[in-house]
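First, one chain by itself in structure tokens, the form predicted alone.
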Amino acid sequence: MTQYVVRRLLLLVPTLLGILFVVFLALHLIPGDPATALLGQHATPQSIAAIRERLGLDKPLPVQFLYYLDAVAHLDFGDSIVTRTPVLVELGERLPVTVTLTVLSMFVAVVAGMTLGIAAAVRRASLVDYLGMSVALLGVSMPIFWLALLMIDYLAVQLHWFEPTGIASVQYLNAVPKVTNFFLIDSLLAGNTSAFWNGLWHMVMPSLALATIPMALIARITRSSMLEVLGNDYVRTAYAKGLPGRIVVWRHALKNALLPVITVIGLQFGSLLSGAVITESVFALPGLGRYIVTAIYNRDYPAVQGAVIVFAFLFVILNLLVDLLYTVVDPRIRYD
């Protein structure tokens, strides 16, 4: 097991190098110039040339890439072209918002998706099955941005149940000291339960909007996997022995149906990180997704490259954790 984990971590290095190269090349192929975006269209050629020299953009692309690799090796992602703030500092401030949104969304998706999938499989070809799969089809078909706008219009504007934007009300943001940059955790550390519930209430609509697609996929995979397991001999034997239905479903069938579900959950967890770009933009959340959109618009190369590295690292680590979780669910699986 240890050797397998070490090998996977070592493979992370060429993976990140490849991602860095692709992103670096793609950014430089985008029409536009960071110096022009920074100074404006009416800037003089002399001022643009001075900015390009100061930012190192006047050097050949291979030289710029090598300089950047050397900086990344020392955990130096450079300074933002726009704000002149170290990218690592900005990522540390914005990543917690994206992680919080992703974790809450995945919690909603897993609970709702597995519940729908199990209920549909146990009551196959019934009204519960048809309604559950209809909800799943609707969830996977509706675009996130459209659902988010509908929720803002109805739940926030018309009913006034939620706040349409932000991670918390202003009075709570100023009252909670930043320790971990996770607002919910910092509010608990400060003993401010009102701020915690306010922040959690602000995340309800973004989490529900982002959770719809993974919820639908998890529901469909859970149903399919459960139907396959429920048809096995050992399940029929458990029923024949007189075991209660809930024991057969939750203890015998579900555990053996979890492997494909775990795979989908791991993949969707990584997809939620990228899906947060749209959700954060609609709900005006100061997360990493919105940060990337702004950085691309401003041709802020260091900011985009730093954010992509973080996304890639999290995605690879999540896949590694999913592989290790297989051995917990099914002890027969061994990584030698």
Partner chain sequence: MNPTTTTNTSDPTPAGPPAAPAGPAGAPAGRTPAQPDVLGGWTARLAAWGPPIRRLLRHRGALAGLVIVALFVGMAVFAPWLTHYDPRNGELADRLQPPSPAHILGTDYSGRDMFARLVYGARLSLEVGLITVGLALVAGTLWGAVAGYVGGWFDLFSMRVVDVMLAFPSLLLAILMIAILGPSLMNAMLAVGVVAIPNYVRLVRSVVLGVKEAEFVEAARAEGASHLAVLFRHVLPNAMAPVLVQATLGIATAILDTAGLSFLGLGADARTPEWGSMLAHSKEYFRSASWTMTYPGLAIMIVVLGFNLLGDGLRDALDPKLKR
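For clarity, every value in this text was computed on a predicted model and none was experimentally measured. Positions refer to the first chain, counted from 1.
Although it is not shown, the form predicted together with its partner chain is what the next lines describe.
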(Q) To verify the annotation, which of these, Ile247, Leu188, Val157, Val111, has a non-hydrogen atom within 4.5 Å of its partner chain in the model of the complex? (A) Val157
Q | its partner chain contact in the model of the complex: Ser281, any heavy atom under 4.5 Å | A | yes
Q: Examine Tyr297 and determine whether its closest non-hydrogen atom to its partner chain in the model of the complex is within 4.5 angstroms.
A: yes
**Q.** Contact flag, Leu57 vs its partner chain in the model of the complex, heavy atom cut 4.5 Å
**A.** no
Q) Though only this chain appears here, would Phe311 touch its partner chain in the model of the complex if you measure heavy atom gaps against 4.5 Å? A) yes
Q | Proximity to its partner chain in the model of the complex (heavy atom, within 4.5 Å), stretch among 180-188, 112-120, 236-244, 216-224 | A | 216-224
Q) Judged by heavy atoms and a 4.5 Å cut-off, are Leu137, Asp153 and Val304 together in contact with its partner chain in the model of the complex? A) yes
Q. Listed by sequence position, which residues of 129-145 have a non-hydrogen atom within 4.5 angstroms of its partner chain in the model of the complex?
A. Leu137, Leu138, Val140, Ser141, Met142, Pro143, Phe145
